[in-house]
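This document starts with two versions of one protein chain, written out as structure tokens and named structure 1 and structure 2.
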Structure 1
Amino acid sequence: MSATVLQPAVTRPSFRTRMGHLWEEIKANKISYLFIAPFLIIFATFVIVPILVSVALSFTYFNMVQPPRWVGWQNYLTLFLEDEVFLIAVKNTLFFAAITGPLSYLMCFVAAWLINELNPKVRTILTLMFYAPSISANAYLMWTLLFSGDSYGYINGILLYWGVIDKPILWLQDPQYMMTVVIIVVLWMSLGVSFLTFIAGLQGIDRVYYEAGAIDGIRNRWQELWYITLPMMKHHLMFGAIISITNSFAAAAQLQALTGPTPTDWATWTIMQHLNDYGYVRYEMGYASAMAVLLFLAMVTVQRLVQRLLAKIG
């Protein structure tokens, strides 16, 4: 390969020769392809192909009964020019993601790091307790009790008792409070995949680095965190960032469970809820796919920005 690069453009080898070189290289790496093959075949069939199909569908009208009909950019134009609810959903999603994304990310890391500082004996049990919201089936139930809109709701009860308010607040129906409540609950539930990955990642850092650091003049946990832990965790930090981005941009189920399928004034309506509504209630798959494509572009943009930020660590 390097030989071809060094040669001037005039004697550039023909397409055939270059393909020949590539083939040689592929043959030389036979083993690598064997290793990736099982995953890659399944990944291509069940992830890549469906994604490409969805992107193609986003340019069609498809109601799942008749065959898709090509409509060009129509779905995208409708989304931005005619669908007012979508624009509300965009605004809500951006607001929701801007808050829950970074905060949940930070929470996952701080929690994992603090737990890791403790004695191994208490670590497992604390990890379980922190992870509990992700593993318990009806975690929302408690929150709907806390934030119940009548005076029996725990929070209303306490506030009424203290005289802070004189009539119960409709936490989950009043647009003034809905988003805040939803954000609190989502943050409380956010110690999931990233949290566990960070825990495992921290276990993976060899003690030798910390000992060497201690000899080379590191004097406390904070210096250790900045000079050793964070740089060693860079990959996992990127992984966690992607999880936070996808969770916060594609949130739907949790919001629906709290504020219902048709929230007041669409106050907690997100792109993902809009997408589910069109895809699986109205059966407009082309339109729903267009939303998925836009959501994807938004996430990729944010991910690229985060990548640049993370490159600055260490």
Structure 2
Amino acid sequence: MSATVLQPAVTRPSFRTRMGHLWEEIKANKISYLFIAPFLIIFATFVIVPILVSVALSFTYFNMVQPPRWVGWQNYLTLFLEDEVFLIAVKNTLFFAAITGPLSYLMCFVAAWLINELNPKVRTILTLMFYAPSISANAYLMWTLLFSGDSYGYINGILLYWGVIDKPILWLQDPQYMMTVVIIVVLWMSLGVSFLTFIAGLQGIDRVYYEAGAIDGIRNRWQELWYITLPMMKHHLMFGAIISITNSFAAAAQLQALTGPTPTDWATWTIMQHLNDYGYVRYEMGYASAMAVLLFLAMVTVQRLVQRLLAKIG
């Protein structure tokens, strides 16, 4: 019978030991940390600290006048057990994000990929044409004219002229159509930062990689896309995904501009609108902070899932 060899138990270093190693590393590279200190200070001040404060306030009642009063989990319980409008907002937000997030992300990449190989002048003109709607402050005006609920609205006028309908449709007031219309408008305006990011990523790929791929057996554009383009653009793809996730989950201004501050039957009411209502209108900052924390956790969860999917590319 062979003797059993006992392996020494592997012990993880204590927290104090890890902090000691970290401090030693900081001292050894103090010049490098000194250079990034301004960014770290700004990032901590305007990102980390507000997140921590929001988490703390979510467990309090805070009306901006009196000091915060600890209420524990009451805000979260109220959100899910008593606030029916919030539940409607959750359903609308998830539906809106599930459609606009992936579609806008895909549209940004496909548009960037298709125009990337064009003549530089043509590419510049098309990039400007695609990007312009996302920075046009009055872009909603055109859509409110198109989908106006009276007979003077262009869509209603055309449908009435063709005999498709016999009376005008209230596109932006009827819950049956409201969400569809705002999704169409948001998708039309979605070729923004993600689109420019993908253009930059595609332009940054050296042609030598495609030549080497052709030698190694890549025979068509789809193989180039999967084995060369996408793996070389993982950081750009991740950044674009973060932008798309943030825009889809935090949508508020676009929907409010189209369907008004209080949409019919809350048909296009989102979590961000509900948060703004309690935070900037009612000044119930504790309750609003609870919504902000839940929205933040949802976006982080989706971002982690997307990150795992992108890691499998190539």
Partner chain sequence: MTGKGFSAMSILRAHKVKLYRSTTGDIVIFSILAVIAAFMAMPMVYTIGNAFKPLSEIFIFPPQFLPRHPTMDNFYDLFVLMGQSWVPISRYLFNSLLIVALGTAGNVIFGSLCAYALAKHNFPGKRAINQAILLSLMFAGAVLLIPHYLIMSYLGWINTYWAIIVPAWGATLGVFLMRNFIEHMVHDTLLEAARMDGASEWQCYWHVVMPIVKPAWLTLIILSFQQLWADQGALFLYAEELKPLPYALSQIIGGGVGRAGVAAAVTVLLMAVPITVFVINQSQIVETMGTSGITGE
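Numbering for residues begins at 1 and runs along the sequence of structure 1. Treat the numbers as computed from the prediction; the structure is a model and nothing was measured. Whichever C-alpha set is largest while still superposing within 1.5 Å between the two forms counts as the rigid core.
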These are two forms of one chain. I'd like to know which is the form predicted in complex with the partner chain. 1
Does Q173 count as moved between structures 1 and 2, where moved means a C-alpha shift of 2 angstroms or more after fitting the rigid core? no
CA of Q223, rigid core aligned, shift of 2 Å or more between structures 1 and 2: yes
Using a rigid core fit, what is the CA shift at H21 between structures 1 and 2, in angstrom? 4.3
